[in-house]
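Taking the form predicted alone, here's one chain by itself in structure tokens.
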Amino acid sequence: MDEGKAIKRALYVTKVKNLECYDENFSRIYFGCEFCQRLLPSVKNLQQVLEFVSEKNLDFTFITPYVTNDGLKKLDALLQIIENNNPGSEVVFNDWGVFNLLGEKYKNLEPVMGRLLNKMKRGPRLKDLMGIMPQSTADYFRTCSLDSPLYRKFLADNGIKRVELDNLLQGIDLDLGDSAINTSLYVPYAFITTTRLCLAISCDVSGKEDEIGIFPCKEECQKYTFQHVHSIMPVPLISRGNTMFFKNENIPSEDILAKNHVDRIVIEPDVPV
């Protein structure tokens, strides 16, 4: 990464209404959902966002979740719309099946590896342990799969030039060498873990609060956000739907961003579910 290159800002919206958070500091819109195929946008909403991007002359990134075969079919239809209307757009994949679909059918869309696939060490408790563990162990917990030259070669060989990162509480210290890979840093919500078993389903139905499974969805995650506080956690945990997050608003210094090839900050105005 060119250390003199300015860091750009992108606005990440999961709902059309959140486009109201846009201002001229943003050069790109991220739209979609990383964590649940049931929340894939409708054709109508995707077209509305693409129209907004066109009107404002912005770059566009479509963000996608891990999917079943049914989810892959829904994504296929949405990707066709993007390629027809906005060729050259990025697609963040968090499922290698989605990556394969891009390679097979959508050569005019740019694949970006999502943060669910980068193997970062996400546990918030690591923040309080960094000062008491051996330095080599602390260094390890600031890395991810990108530190492996073989893995970077795999990405390069498959045309993947960008990887998404979370803003870890213990910090990030990647050894990217002279790699051509650039990275994006998500702020302020960092993903911890996710599951197909939605913890919010029927949370507002008396007698069913403790049921966990894959049930018909009423999009309870769009109504409720839960905060979990415990003495062993340095920050509250935030859960929405099937996914857990923590909040970290402290953006690393320019030197650290440059070392980790961060040339884009992705701003999340709300928990991205």
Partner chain sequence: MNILAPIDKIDDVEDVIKAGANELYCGVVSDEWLDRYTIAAINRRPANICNLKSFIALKEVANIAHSYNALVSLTLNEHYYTQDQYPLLLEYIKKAIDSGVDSFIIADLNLIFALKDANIETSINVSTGISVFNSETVKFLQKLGVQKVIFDRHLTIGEVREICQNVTDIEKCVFIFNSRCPNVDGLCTFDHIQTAETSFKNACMLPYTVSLYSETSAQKDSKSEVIADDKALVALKRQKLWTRLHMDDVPCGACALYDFEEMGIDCVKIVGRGNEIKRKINDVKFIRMLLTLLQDKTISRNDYIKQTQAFYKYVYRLPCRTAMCYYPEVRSI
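Residue numbers count along the first chain shown, from 1. Given the structure is predicted, the values throughout are model-derived calculations rather than measurements.
What follows is about the form predicted in complex with its partner chain, which we do not show.
Contact with its partner chain in the predicted complex, defined as any heavy atom within 4.5 Å, is confined among 25 to 33, 218 to 226, 41 to 49, 55 to 63 to 218 to 226. If you check its partner chain in the predicted complex, you find no heavy atom from any of 157, 179 and 186 within 4.5 Å. Proximity of residue 87 to its partner chain in the predicted complex falls outside the 4.5 Å heavy atom cutoff. Interface residue remark: residue 248 is not counted as part of the site for its partner chain in the predicted complex, having no heavy atom within 4.5 Å. Residue contact with its partner chain in the predicted complex: residue 99 places a heavy atom within 4.5 Å of it. Contact check for residue 122: a heavy atom falls within 4.5 Å of its partner chain in the predicted complex. Between its partner chain and the residues 144, 163, 91, 82, the one pair within 4.5 Å by heavy atoms in the predicted complex involves 144. Contacts between stretch 122 to 141 and its partner chain, counted in the predicted complex as any heavy atom lying within 4.5 Å, involve 122, 123, 124, 125, 126, 129, 133, 134, 136, 137, 140, 141, listed in sequence order.
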